[in-house]
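We begin with a single chain expressed as structure tokens, specifically the form predicted alone.
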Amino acid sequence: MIKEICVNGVYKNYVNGEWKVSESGNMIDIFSPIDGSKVGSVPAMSKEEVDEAIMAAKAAQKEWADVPLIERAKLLNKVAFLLLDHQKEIADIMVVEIAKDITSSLAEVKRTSDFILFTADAAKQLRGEMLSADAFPGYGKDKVSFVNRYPLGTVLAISPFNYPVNLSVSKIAPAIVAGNTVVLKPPTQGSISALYLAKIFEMAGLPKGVFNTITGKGSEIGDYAVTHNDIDFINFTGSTDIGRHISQITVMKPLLMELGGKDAAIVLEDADLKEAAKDIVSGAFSYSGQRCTAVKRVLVEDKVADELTGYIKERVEKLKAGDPRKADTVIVPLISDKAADFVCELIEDALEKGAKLLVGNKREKNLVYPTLIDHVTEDMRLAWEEPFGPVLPIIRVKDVKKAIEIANKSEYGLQSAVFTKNIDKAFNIANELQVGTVQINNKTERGPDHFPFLGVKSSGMGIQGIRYSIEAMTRVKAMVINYERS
């Protein structure tokens, strides 16, 4: 597969059914977070090349929308099975490009295949409806509305580094099956994995122009792409700062955005503390915490804080850190030195203000070892800022009311977790939390992928999840039949 998309380590973009080198000749070198070795180079596309990709998508959209839904779904199914056929090849490039461990990389490709299959099936279940006017006061049976969904046009999909395959497909598959065409802007670090994905779509026989890629620095082509007149919808996953910027510069353009989070795990005194500790550690430290849904703080009632902290500490000390190519590695190098610098800043700020270090605070280049910090207080940055790294603060609270207050004080509102054996308490707390999803007796996480996934406040706009994403990337049209009155 690599021979067709790459020559001597130089990758091409997939535009209008062809693999093209950049005419500008400008390239971006991609280096592995593991050891700094060069993985390859991707084109730093010019605005003119971005134009070409967007215009190809626009030109192909009407004909693609006319393809029967069942045929669009069949093509997606081909993509899903081809992904499985090439899962090891794609997972291997993810390991070196974004330092994700091989087990998680393989799981991401498998999950992506499942996502596509479910999307193809879900689209076939979305039907129009007929509404009779006589259900509303003042109208009779002489008026009927036929309501159907139509594609929006050309979708710009912008995906993040941490899930370059899955979070690209979560935008591409619902858009395509609904009759839209797509231009994918992958992250710079993660571009190569996304280009492998594009090759899979080509192998499945997708018509030219239906799916296209653009690579380059967001600072150079990002604003140009999101404000392009021929982009009809933007589906973005990334930081809150960039999401806020996109929302400010786009005018009358629909958006679907998954942004940052500061997910809290609230632990009540009646919780199963050993189980809570297991879920919290898994949720906080998988892929070194580089996930928007990672557990990013623990709010625990004073009465059980010592016991819970002991269980968490015991598990954190057993986490294996190092090279993601080695078995059982959980804590991997962060995506960049800058990311590691930021995590260490938050740790130092907390320790300087009196927090207690229980585990970690060790760094080797961009590998930050798993760090657990107790007695974190509200005046510390770690209580509020999203580290996107392997550090977990424990905040002790006198009661549930205080836990809810601190959880809701955050600018973010993605998810929260509540650990308790009292289901009534769990639902009462869930009703008060200002987040998109509350996990009861489990870690915060994305999925299953047909569940609604959303954030409030600074954590996002719109609703994701397979059916919800398809609906977001379609529009309703009503055709009203007026019968002759007798």
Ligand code: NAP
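Keep in mind that this is a model prediction, so the values were computed, not measured. Position 1 is the first residue in the sequence shown; the rest follow in order.
The form predicted together with the named molecule is left out here; the points below concern that form.
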For the chain shown here without its partner, which stretch in 131-139, 157-165, 115-123, 274-282 has non-hydrogen atoms within 4.5 angstroms of the named molecule in the model of the complex? 157-165
Does P207 reach the named molecule in the model of the complex if we count a contact as any heavy atom within 4.5 Å? no
Is P151 one of the residues lying within 4.5 Å of the named molecule in the model of the complex, judged by heavy atom distances? no
Contact flag, S239 vs the named molecule in the model of the complex, heavy atom cut 4.5 Å: yes
When the contact criterion is heavy atoms within 4.5 Å, does G218 count as touching the named molecule in the model of the complex? yes
The named molecule in the model of the complex has a heavy atom of only one listed residue within 4.5 Å, and of M380, V226, A321, V304 that residue is V226
Counting non-hydrogen atoms within 4.5 angstroms of the named molecule in the model of the complex, say which of Y369, W384, F233, F388 makes the cut. F388
Where, within 75-107, is there a heavy atom within 4.5 Å of the named molecule in the model of the complex? Residue list please. none
